[in-house]
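Only one chain comes next, encoded as structure tokens, the form predicted on its own.
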């Protein structure tokens, strides 16, 4: 587990983090959301010691981080950060040299390089020049850099920014694979579609403070604090009870008007990104048909 306890940080006189309590565990995807300037990247940079708190502390497996050079080297083997812009991280001329750079500096072997490249879909690119890769390929390469260190936690800052649909799908698949392999994955993102598909735990950061923590996305609060919400969830007509996280609208012995209002409410919830189950009981469908027919005759 990695956590921050009453974490405060400022750039000069500007306070960016104000008493932040945040926690992430292995085998789970923890999603951090907030509008631009909320302090997301600053918080991420504390998780492997790139920044040191002004007040409060960061703990790894219950032990307070030691900021000595030797201790930070060990921490960064366990917690790898992938920043939003891969060009800011890529330092070597070829793909193989780039993925080997981290393990070499950490005194590790190169056993994970082939596995890392295969996992992100860059197997066979070993001799390719990094400068000739596409934006999406560079993003995959920067994630391979992290995987090659075989960390316990991988921290991703806006991993789907600027990607097309195939690139997005590849990142989703990769994050799920990392979680299934026992890694803890921490994501800072504006992408609600990504959050819905991979998130297990959600935090909202606003004005340097955590204002929401939960196992479900809160769309109303997200809009209130300026996080962009868009996209459509899923509307399912079924007699089943659905699964954990679904919103279930049971339509039973209601009047046609009540049924219509409930269906409309379900559509609105789906438009916010929820997976909604419309559970029709008894003769509800027949009642809706009657309502439609009666309205059509007027």
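What you are looking at is a predicted structure, and each value in this text was computed from that prediction instead of being measured. Positions refer to the first chain, counted from 1.
There is another form of the same protein, the form predicted in complex with a small molecule; it is not shown, and what comes next is about it.
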Heavy atom within 4.5 Å of the small molecule in the predicted complex - the one residue of 197, 201, 138, 190 that qualifies: 190
Partner contact for residue 84 in the predicted complex: the small molecule, 4.5 angstroms, heavy atom: yes
Partner contact for residue 38 in the predicted complex: the small molecule, 4.5 angstroms, heavy atom: yes
